[in-house]
Ligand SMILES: C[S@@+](CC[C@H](N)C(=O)[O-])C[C@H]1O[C@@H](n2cnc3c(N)ncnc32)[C@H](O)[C@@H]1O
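Single chain ahead, by itself, as structure tokens, in the form predicted on its own.
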Amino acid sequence: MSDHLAALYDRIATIYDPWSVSVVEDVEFYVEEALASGGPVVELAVGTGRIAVPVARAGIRVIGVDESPEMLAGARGYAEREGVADLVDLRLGDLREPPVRERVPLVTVPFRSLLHLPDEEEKLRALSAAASLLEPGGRLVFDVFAPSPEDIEETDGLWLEREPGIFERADWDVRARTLVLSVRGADQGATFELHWLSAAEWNALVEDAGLVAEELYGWFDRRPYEGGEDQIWVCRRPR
């Protein structure tokens, strides 16, 4: 699965930033978490640096891991353009086996990246790997979603223009709890599978990974989770 996913992201690396350009609601949240930790931060599934570079601009060192060489190339270019390349250490690797020997106060997995993992066993592998990178008392922060009936009804099976010239299609399977997400630009495209869980199931995995869930937010403004689509988890490794 790892090589397959890397190849998919390699195929859309040049349209990834235009595709996600309007996704800004989480950036300040993750920068605040990084500043509170004091750094350094490990970001798993760092992509093109959408979160990592703003964190580095705030003065926090980031170790970014991703399995797509082309996405990492984009992140490297972004960090160089912003003058923070010395604070962004990019490494090729799988979030389930991150090539990181350092122990840090904060590990993040933004933008729903854990949903790429197909089942609870693989999700637990990733959470356990993240936990192993934490100092005692360190925190893991990640976000995921479970769709609302309204979101499914409004998007299922439709090609929608997400950004100018970039189209997205969502094919939902509620029984299997799987989203097949397709994206295409003028000359690039890819299709991914995302697999969601309930909040209770995520909490069980967090505990199995040896972590304690301290906060569960319903959005990046830190409103309490009340059963909506988005789940933002703040978990701590016991001392």
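Treat the numbers as computed from the prediction; the structure is a model and nothing was measured. Numbering starts at 1 and follows the sequence shown.
Note that the form predicted in complex with the ligand isn't included here; everything after this is about it.
Suppose contact means a heavy atom within 4.5 Å; in the predicted complex, does that hold for all of 33, 54 and 61 with the ligand? Verified in the predicted complex; spot residues all out of contact, no.
Hey, in the predicted complex, is residue 147 touching the ligand, heavy atoms inside 4.5 Å? No, residue 147 is distant from the partner.
In the predicted complex, does residue 139 have a heavy atom within 4.5 Å of the ligand? No, no contact at 4.5 Å.
Answer with yes or no whether residue 162 is in contact with the ligand in the predicted complex, where contact means some heavy atom within 4.5 Å. Residue 162: no contact with the ligand in the predicted complex.
Mark residue 71 yes when one of its heavy atoms lies within 4.5 Å of a heavy atom of the ligand in the predicted complex, and no otherwise. Looking in the predicted complex, residue contacts with the ligand include residue 71, since a heavy atom lies within 4.5 Å.
Looking at heavy atoms inside 4.5 Å, which stretch does the ligand contact in the predicted complex, given the options 147-155, 115-123, 130-138, 74-82? Stretch 115-123 is the one.
If you look in the predicted complex, which residues in 75-94 sit within 4.5 Å of the ligand (heavy atoms)? If the 4.5 Å heavy-atom criterion is applied to the ligand in the predicted complex, 75-94 yields 93, 94.
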